[in-house]
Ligand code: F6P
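Single chain ahead, by itself, as structure tokens, in the form predicted on its own.
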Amino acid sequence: MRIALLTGGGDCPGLNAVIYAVVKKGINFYGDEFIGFLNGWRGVLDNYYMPLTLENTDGIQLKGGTILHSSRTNVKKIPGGLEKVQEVLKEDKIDALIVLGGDDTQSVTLYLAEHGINAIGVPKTIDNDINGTDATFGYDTAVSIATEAVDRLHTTADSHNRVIVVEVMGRDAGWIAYAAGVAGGAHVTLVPEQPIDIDHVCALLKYNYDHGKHYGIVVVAEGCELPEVGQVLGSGQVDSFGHARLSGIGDALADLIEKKTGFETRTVNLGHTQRGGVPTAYDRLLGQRYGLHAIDMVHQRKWGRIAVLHGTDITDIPIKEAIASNRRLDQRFFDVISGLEAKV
């Protein structure tokens, strides 16, 4: 078969591991031929691609980012977009399309599959919030980076008797904030699934100062909402899928904390640092397992489905099910956070 791959949306560690595994098993086991469209869906529309071979994918599983590059192009919003994609795939003699991306990217995959294109998905999101899968590659790397940052901030916060607010990724779900906050020993961990009680936040920090620890660490997900303000937007711009650019919850929260407590408060926004660099061993392994399952899905003709992790097994479900809603933290995780907080 002649198979095309693309990576859409934000990059994350582990994408190259998926590409590596798909190409290696596809060529060695099935005798397939591969191309990779560059810059996500934009590359399909522009018919801009590179051949993928054993030689040019050798060792890429060790690297972060994506050798295919990416974009947030929304085919559904481009006049004639579907027809153009169909035309390009026919022109390039593509038998199947493997799409690596999150819910936005996979909404396009589903749309194409429903219109007769042989396409399957591989879940990708740094936020770890795709429905139906227990983990997405890249998340473990992001948590490791965020946790190391929180670890380091304890000493400088302590040295200067400051509160430091650490803003991490997480638009709709607080998986990174939860893991980094708990693993890093933050005194306050805030996630989008729960409203912020600023008085409770300040009470927790005052408890530290009243009990000999004259500093505080607060971890907050970018998608958290402040009382009477809501989500804090960055530039105010939205992407092609209608998502506003989030940034600044850390600064806004720090201002409130300083005004209410009198404690000097600083902010660290980890931003794209969380998704950069080499993947952890776990993400390299998980990415390759997704890739091996994805190429099997193609040859089993499981169009319109997406690979997922259930427990320790890689399986697959309909894309429609995977993007129907976000996988979010529930009471089990809230209990972990509250169980480690001071009782105030």
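Note that residue numbering follows the sequence shown and begins at 1. Everything quoted here is computed from the prediction, not taken from an experiment.
Below: the form predicted in complex with 6-O-phosphono-beta-D-fructofuranose (F6P), not depicted.
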item	value
Heavy atom within 4.5 Å of 6-O-phosphono-beta-D-fructofuranose (F6P) in the model of the complex - residue from H154, K84, R162, R171	R171
Answer option from T141, T73, T125, T265, heavy atom within 4.5 Å of 6-O-phosphono-beta-D-fructofuranose (F6P) in the model of the complex	T125
Partner-proximal stretch of 186 to 194, 253 to 261, 163 to 171, 115 to 123 relative to 6-O-phosphono-beta-D-fructofuranose (F6P) in the model of the complex, 4.5 angstroms, heavy atom	163 to 171
Heavy atom distance at most 4.5 Å to 6-O-phosphono-beta-D-fructofuranose (F6P) in the model of the complex, all of E222, H272 and R275	yes
